[in-house]
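Quick setup: one chain, the form predicted alone, written in structure tokens, and binding and motion questions come after.
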Amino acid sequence: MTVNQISVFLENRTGQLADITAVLSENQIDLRAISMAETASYGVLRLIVDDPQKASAVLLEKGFIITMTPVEAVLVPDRPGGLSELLAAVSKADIGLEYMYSVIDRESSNAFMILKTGDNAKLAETLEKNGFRTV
């Protein structure tokens, strides 16, 4: 299933992450997943939250530069080779990954991978055909 990920573009300065998490906290928005990548001059913070529309609105209101991107959240089998099986299916279908990161579901203790591709429909079809569960 496709979920909406929020990407926040950050300056490389102390306090940026604290500012963003404070805004989310003040607005009762719960983080589900977080990932950060950086370069020398800026960073990209990727968030999965419980209310992406509300989070987008409050972050924009506070002056943050954001985008919303559809990504797939896929259950990874909890066994040696589970991720390898997932990635083999994606590779066999000739689907290129732009990026991925992991998250643990606090209710089920399952691991999920967040996958970003250029073709979410093909990815979803491939995952279903190969027996992978999305959320």
Partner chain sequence: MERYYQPEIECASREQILSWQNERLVKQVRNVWDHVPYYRKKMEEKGVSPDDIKGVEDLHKLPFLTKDDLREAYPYGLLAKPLGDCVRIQSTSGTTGKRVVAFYTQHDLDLWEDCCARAIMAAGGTNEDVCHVCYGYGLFTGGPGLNGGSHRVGCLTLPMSSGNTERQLQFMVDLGSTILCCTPSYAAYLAESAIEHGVRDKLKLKAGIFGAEAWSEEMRQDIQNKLGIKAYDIYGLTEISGPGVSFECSEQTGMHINEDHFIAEIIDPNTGDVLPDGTKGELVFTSITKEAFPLLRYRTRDICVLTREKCSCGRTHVKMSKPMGRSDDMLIIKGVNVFPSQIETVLMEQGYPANYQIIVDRVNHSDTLEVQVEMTPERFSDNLGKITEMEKELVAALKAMLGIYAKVTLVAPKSITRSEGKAVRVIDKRKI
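What you are looking at is a predicted structure, and each value in this text was computed from that prediction instead of being measured. Numbering follows the first chain given and starts at 1.
Separately, the form predicted in complex with its partner chain exists; it is not shown, and the next lines address it.
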**Report entry** Single option in 66, 73, 58, 34 placed near its partner chain in the predicted bound form, where near means a heavy atom within 4.5 Å
**Finding:** 66
Query - Which of 75 to 83, 89 to 97, 43 to 51, 22 to 30 lines the interface with its partner chain in the predicted bound form (heavy atom within 4.5 Å) - result: 43 to 51
Query raised in the report: Do residue 125 and its partner chain share at least one heavy atom pair within 4.5 Å in the predicted bound form?
Result: no
Query raised in the report: Looking in the predicted bound form, any heavy atom of residue 4 within 4.5 Å of its partner chain?
Result: no
Query raised in the report: Do residue 38 and its partner chain come within 4.5 Å of each other in the predicted bound form, heavy atoms counted?
Result: yes
Report task. Indicate whether residue 120 is a 4.5 Å heavy atom neighbour of its partner chain in the predicted bound form. Result -> no
